[in-house]
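First, one chain by itself in structure tokens, the form predicted on its own.
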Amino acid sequence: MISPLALARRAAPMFACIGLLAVWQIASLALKNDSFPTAIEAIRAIPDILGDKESLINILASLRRMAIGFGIAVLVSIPLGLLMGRSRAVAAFFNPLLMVIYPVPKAALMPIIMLWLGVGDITKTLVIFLGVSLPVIYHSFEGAKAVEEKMLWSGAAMGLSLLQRLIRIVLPAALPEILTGCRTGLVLALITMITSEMIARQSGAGNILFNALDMGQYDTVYAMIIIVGAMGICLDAIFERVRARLVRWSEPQFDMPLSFS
């Protein structure tokens, strides 16, 4: 049986969303601005967007680009972060490069990447990759660095090679930290996906949003914002469930109810 406290914690994000919509509705009615529709008007526009075949194709194209960029970033960043955490030479080589790239807004790189690669899917996927890779590298690095040396000595004494120690000792021990980085990267993937599509406007959820803004369809603009927010909540909830199963043995340092999971 679920305790009242646990039930309240699970329902807290839902109440927060309802409260935000209520404040939005009241503010819109008070301001009476055509560019700021009420929450009810925006919600009414959602079925029109989801019921339109072209809009659905655009949203699915966005999710496909996001999945590809996120997947490639995870596959590249986790091994690199683990190597940086266990090798001073690797860390010394890549740290300056990452420090140069990290402060630069990824949207600011879009014009340069567009000059090199055009305005197709590769450009948008690359921007998503850059946005996701840095937090995953950082958390993988911190997780690998925190592995106790005696565990590695024990592995070496048992005859494990360097690669075997990295896979069988460092990776499992660093997994909670790695998944924290992946969760952060998932949010950044959604943000960079929308940003890239608003700049390189050919298809996608960002293109729908910007086109609606150009045509003064403000209810559609806010409806798309709600849809994107709902996508973020759903993806985070799914990922959190997967994370909880993978690192059930690890006690989380913080328990923030950021999703509906």
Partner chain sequence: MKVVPSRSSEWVRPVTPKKPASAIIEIDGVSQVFQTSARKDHLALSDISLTIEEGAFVSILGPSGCGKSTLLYIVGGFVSPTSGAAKMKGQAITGPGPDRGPVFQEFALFPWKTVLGNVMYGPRQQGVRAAEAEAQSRALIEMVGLKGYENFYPKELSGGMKQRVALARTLAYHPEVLLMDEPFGALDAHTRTRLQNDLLNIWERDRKTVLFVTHSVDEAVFLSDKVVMMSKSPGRIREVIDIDLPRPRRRNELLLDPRYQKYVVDIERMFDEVDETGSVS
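Numbering follows the first chain given and starts at 1. Everything numeric in this text was worked out from a predicted model, so none of it was measured.
Below, we turn to the form predicted together with the partner chain, even though it does not appear here.
Contact annotation for S87: none of its heavy atoms lies within 4.5 Å of the partner chain in the predicted bound form. When the partner chain is considered in the predicted bound form, A173 lines it closely, a heavy atom lying within 4.5 Å.
Remark: P105 does not count among the residues lining the partner chain in the predicted bound form, judged by a heavy atom distance of 4.5 Å or less. Residue contact check for W249: one or more of its heavy atoms lie within 4.5 Å of the partner chain in the predicted bound form.
Proximity of I208, G216 and T220 to the partner chain in the predicted bound form is absent: no residue of the three has a non-hydrogen atom within 4.5 angstroms. Note that among 110 to 118, 146 to 154, 180 to 188, 75 to 83, the stretch whose heavy atoms approach the partner chain to within 4.5 Å in the predicted bound form is 146 to 154. Out of the listed residues A92, M99, L163, M158, M158 is the one that sits within 4.5 Å of the partner chain in the predicted bound form by at least one heavy atom.
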